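This document starts with one chain, in the form predicted alone, laid out as structure tokens.
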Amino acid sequence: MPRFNLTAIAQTNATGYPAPHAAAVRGRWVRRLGPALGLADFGVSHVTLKPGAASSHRHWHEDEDEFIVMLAGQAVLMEEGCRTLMRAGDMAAFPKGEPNGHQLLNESEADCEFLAFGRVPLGDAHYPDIDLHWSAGCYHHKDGSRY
């Protein structure tokens, strides 16, 4: 049966971000639905942001399209020089290769929830606001040295 119980899928707030960058996503809770449901061609995650939490640091991918659907609550979509309030039912798309970093920030006093679609990126990810770059499967400083 394709229908599933969301709460039966483990939720985690683990992050691969190196210190000190991990603190921004401490209030991000993720259920990785794709692996749990046997999806192989794309990923989908159910994400809950606690008040004050970020979905990620502002970033963009060279080779991964991303798509989000807000389910509940509200968050601010941060892009280069732009803030957009996102509410339940709102959607946003981030085509690969567009150098416009994005992130969601929960500036409200209640949890927000969204679905994030994409796949595991194979290429570089850029973080324009901080000293962080994803390349060759790991995080680096912008000078190329590894974390």
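Bear in mind the structure is a predicted one, so any value in this text is a computation, not a measurement. Each residue number is its position in the shown sequence, starting from 1.
FYI, the form predicted together with another copy of the chain isn't displayed, but the following is about it.
task: Just one of 52-60, 104-112, 39-47, 22-30 has residues with a heavy atom within 4.5 Å of another copy of the chain in the model of the complex, so point it out.
output: In the other structure, the partner sits against 39-47.
_another copy of the chain in the model of the complex: contacted by all of 6, 91 and 100, heavy atom 4.5 Å_ = Every residue of the candidate spot has a heavy atom within 4.5 Å of another copy of the chain in the model of the complex.
Exercise for review: Give a yes or no for residue 35: in the model of the complex, does one of its heavy atoms lie within 4.5 Å of a heavy atom belonging to another copy of the chain?
Suggested key: Result no; residue 35 lies far from another copy of the chain in the model of the complex.
Can any non-hydrogen atom of residue 71 be found within 4.5 angstroms of another copy of the chain in the model of the complex? Output for residue 71 is yes: heavy atoms within 4.5 Å of another copy of the chain.
Practice prompt. Enumerate the residues of 108-126 that have a non-hydrogen atom within 4.5 Å of another copy of the chain in the model of the complex, in sequence order, or give none.
Written response: In sequence order, 115, 117, 118, 119 come within 4.5 Å of the partner.
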